[in-house]
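Only one chain is given next, in structure tokens, and it is the form predicted alone.
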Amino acid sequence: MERVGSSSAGSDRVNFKFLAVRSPQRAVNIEDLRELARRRLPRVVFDYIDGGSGAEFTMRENCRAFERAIFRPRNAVAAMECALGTTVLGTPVDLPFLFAPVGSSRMFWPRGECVAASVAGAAGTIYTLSTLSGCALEEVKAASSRPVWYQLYLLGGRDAALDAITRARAAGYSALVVTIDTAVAGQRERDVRNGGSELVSGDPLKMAPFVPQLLARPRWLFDFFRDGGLMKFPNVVIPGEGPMAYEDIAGALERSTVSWDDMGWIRDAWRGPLVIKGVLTADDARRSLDAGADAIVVSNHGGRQLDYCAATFQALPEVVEAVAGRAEVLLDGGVRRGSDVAKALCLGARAVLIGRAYAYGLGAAGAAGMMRAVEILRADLVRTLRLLGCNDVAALDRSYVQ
């Protein structure tokens, strides 16, 4: 993917390619929304969305793997209506892409998680709420007109996780997503350079060198304080302490690693559809099945955890083969175009999850930016299907890609 004007290079230079893009309605692709988000958000917030771990090789490979897959169209097929709907865990959705969990979305836009859930519902698809949310899970569920999933970290310990599971069940969440690739947080070098930990430390001396990047985005700063300033995590309620403060998440994750042994009590507490996210190998796919997974997400955390691991599109066939129809297989990572969605479906994914694609829209313009991201992906998927000579996403298979 082209990284025009990326702040990873430490540059906020103007790129003439984007001068005509003044609003989300003028965005032609997801990269345009990315540029709008870069203009509006402070560097530390934009790079939280945009960045990956280490040298960001895996993050880039997630996109490049899609680029290397070549279509094999059936031409001379009359124009047709295209069916985009599918079912995921028995739930009908209007689009074969769901919204992935993206932490701290309230930092991108006021009430960001509620806004995202509302847009997902309006688009006819599923929103997945991160444990690291600034909005209460009950509020987020109420904001969507469609099913919502809850993504679980064990932050705050087992008791805090059990409390969140109980609340999610009571609120009507449809599935529990357990992420297994966060034994420690990845080394996200942009966050270190931008003072991410220092800015949430509460220590004025530590914060001072990094405050100018916030002052440089007054529109965002106004929205940030209007929405209550630095948030806590209302879905991580620590017994005797209350909601977890916005602390160093790296340390919190290291103290709350999910193991296979945890799957038993998690499954017993949830008693509903279980999704295991963070699978890249056949071995982990089989262990997920043994743990009772109803769906598996082929994911490398968007290239934000272990760098130099396989791109998700590259790992997809191995996982699909190992699962052999015993669970649904989903994919996230690197999806920026409708053609990427089609390619993943061709290789056996039931649907994909989008993360950065909608987070850029949210950071650029809230609900309007997110809806534009959905429109871009939907239109590109329809165009791709018609040019492939295929009128239904359910008919896509390996014969359509090389």
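The first residue of the shown sequence is 1; numbering continues from there. Note that this is a predicted model, so its numbers are computed, not measured.
One more form of this protein exists, namely the form predicted in complex with a small molecule; it is left out here, but the text below deals with it.
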> Residues in which of 118-126, 134-142, 294-302, 280-288 have heavy atoms within 4.5 Å of the small molecule in the predicted bound form?
Replying inline: 294-302
> Among G196, G103, P147, G186, which has at least one heavy atom within 4.5 Å of the small molecule in the predicted bound form?
Replying inline: G103
> Of the residues Y173, Y153, W109, F313, which one places a heavy atom within 4.5 Å of the small molecule in the predicted bound form?
Replying inline: Y153
> Should V374 be counted as a contact of the small molecule in the predicted bound form, where contact means heavy atoms within 4.5 Å?
Replying inline: no
>> Whether E113 contacts the small molecule in the predicted bound form should be assessed with a 4.5 Å heavy atom distance threshold; does it?
In response: no
>> Is R34 near the small molecule? Define near as a heavy atom within 4.5 Å, in the predicted bound form.
In response: no
> Would R336 sit within 4.5 Å of the small molecule in the predicted bound form, counting heavy atoms only?
Replying inline: yes
